[in-house]
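So this first bit is one chain, no partners, the form predicted alone, shown in structure tokens.
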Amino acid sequence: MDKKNKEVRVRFAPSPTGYLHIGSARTAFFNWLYAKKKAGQFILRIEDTDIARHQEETIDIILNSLKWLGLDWNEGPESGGGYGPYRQSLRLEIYKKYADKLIEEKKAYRCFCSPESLKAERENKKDREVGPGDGKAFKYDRRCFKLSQKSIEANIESGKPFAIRFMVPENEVINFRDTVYGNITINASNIEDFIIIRTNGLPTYNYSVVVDDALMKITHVIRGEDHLSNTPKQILIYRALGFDIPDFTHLPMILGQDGQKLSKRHGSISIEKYIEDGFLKEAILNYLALLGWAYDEKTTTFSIDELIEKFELDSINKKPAKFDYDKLLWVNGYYIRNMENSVLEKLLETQIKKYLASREMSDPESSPGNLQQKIARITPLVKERIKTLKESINLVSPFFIETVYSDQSKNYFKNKNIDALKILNSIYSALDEVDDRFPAKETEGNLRLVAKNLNLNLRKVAEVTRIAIWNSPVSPPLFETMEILGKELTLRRIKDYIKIIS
């Protein structure tokens, strides 16, 4: 079949060595986007043959992060009523089969040299070099390829461990086109015979990835730029096994704003931590799309459907992407502000329930049956003021928990040229006269009278009120906040604060 008419098949192949971070999440998302755009298949494969770095517990974390992002995969071994990902550790016989085929065709050979002895030879070559040296790196001399069949059989029979090396063709030219980096040419003479099966029987990355991608009929390999240097070796294996070579797209690096390698200090954390910090999946995906890809110079927000429609591999930029945590916060805030109130209410309700449970608190000021109704009234007050769901706790929790005044609040008016006690007593009296329903319009009118009678700016009266009822000079809109708190609780908090500063 013509390559252009083949069904698009892409894959995401993480190693279980840690959490799903921004770079890996972007790779997964770009693969998923391309599969959706082309009505193709998105395959998930766990590359778990690196014993030294393997962390089994991170597999579920990676899978859960992908599921939370909505990056569903299309096939794999049946597992728990759905598709589990492919796992390389369960495919060792397959890798052995193709390695034996390469040996039989004289395209690979057994190497009985110990890694320790080869390492020593490399070091000795470095030590012998004077000045700039001979300009050539240590290259394996194929001594084991030259062994007689009798010697090979004797070594095997004696139980001597061996690796399997790929026989790199001499002076073969490797040409390939990368969607991002263009045409690349490498001469195979610069590549030594590399190991494809280690002495412990496990495949190396460059070998297993080719066998898997070929057998899984992957048509487009979309991965990080750090794998660009591996591509020539992989193409040699594709050719040796007679496999179709996929199209390659290597995604640009992601750096911090300072141009340095991305790290936690730049705000780069695991997807699991972003979930915990109250980011929305729509915002995360939208921001991931902006890391190395752009539709035009001005559009920064896209729905998933818009991204699927507009995404093109040709639009990926080779220039390193800059991760900007503040921009991610802005994007998340944008999605919160544009969310239906009914949806945000449920998210805020989940946040406050988790917050109260984590502190083993019940809700002393609102019965469980009332909580949902109360959140519905609070949501419009905080919607424009938060960038993450976690941020909402500071603005929402005081509606539900007893006020414990901080030292800062207790001493807030000590060095201010203001008689806070006199103002609070006036506020208390004015609010006590308000209707028991405590409507915002009436509380505002009465506090305006307090300000007028005391010859103060309303802003100053509001500041004193906030410290008393909110334990902070910043709160959601004051009069609506007091209406939700209710007359009894508002007056009780003012009275409590009066006692503190008397």
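The structure displayed is predicted, hence computed values, not measured ones. The first residue of the sequence shown is number 1, and the count goes up from there.
There is another form of this protein, the form predicted together with the RNA, and it is not shown here; the text below is about that form.
Name the residue from N155, T300, T403, T249 that puts a heavy atom within 4.5 Å of the RNA in the predicted bound form.
Comparing distances to the RNA in the predicted bound form, the residue within 4.5 Å is T300.
Of D324, E272, D212, E345, which one comes within 4.5 Å of the RNA in the predicted bound form, counting heavy atoms only?
Selected residue: D324.
Sort through 215-223, 94-102, 189-197, 417-425 and report the only stretch with a non-hydrogen atom within 4.5 Å of the RNA in the predicted bound form.
Of the stretches listed, the one contacting the partner is 189-197.
Given that the RNA is not shown alongside this chain, does I235 nevertheless sit within 4.5 Å of it in the predicted bound form, heavy atom to heavy atom?
Judged by the heavy-atom cut-off of 4.5 Å, I235 is well away from the RNA in the predicted bound form.
Consider K281 of the chain shown here, and say whether it contacts the RNA in the predicted bound form, taking contact as heavy atoms within 4.5 Å.
Close contact is absent here: in the predicted bound form, K281 is far from the RNA, nothing within 4.5 Å, heavy atoms only.
With the partner left out of view, is E47 within 4.5 angstroms of the RNA in the predicted bound form by any non-hydrogen atom?
Close contact exists here: in the predicted bound form, E47 approaches the RNA to within 4.5 Å, heavy atoms only.
At 4.5 Å between heavy atoms, is R459 in contact with the RNA in the predicted bound form?
Yes - in the predicted bound form, heavy atoms of R459 and the RNA come within 4.5 Å of each other.
Enumerate the residues of 90-121 that have a non-hydrogen atom within 4.5 Å of the RNA in the predicted bound form, in sequence order, or give none.
Heavy-atom contacts within 4.5 Å come from C113, S114, P115.
T204 and S263: their C-alpha distance differs by 3 angstroms or more in the predicted bound form. Do they come closer or move farther apart compared with the shown form?
Their C-alpha distance shrinks by at least 3 Å in the predicted bound form.
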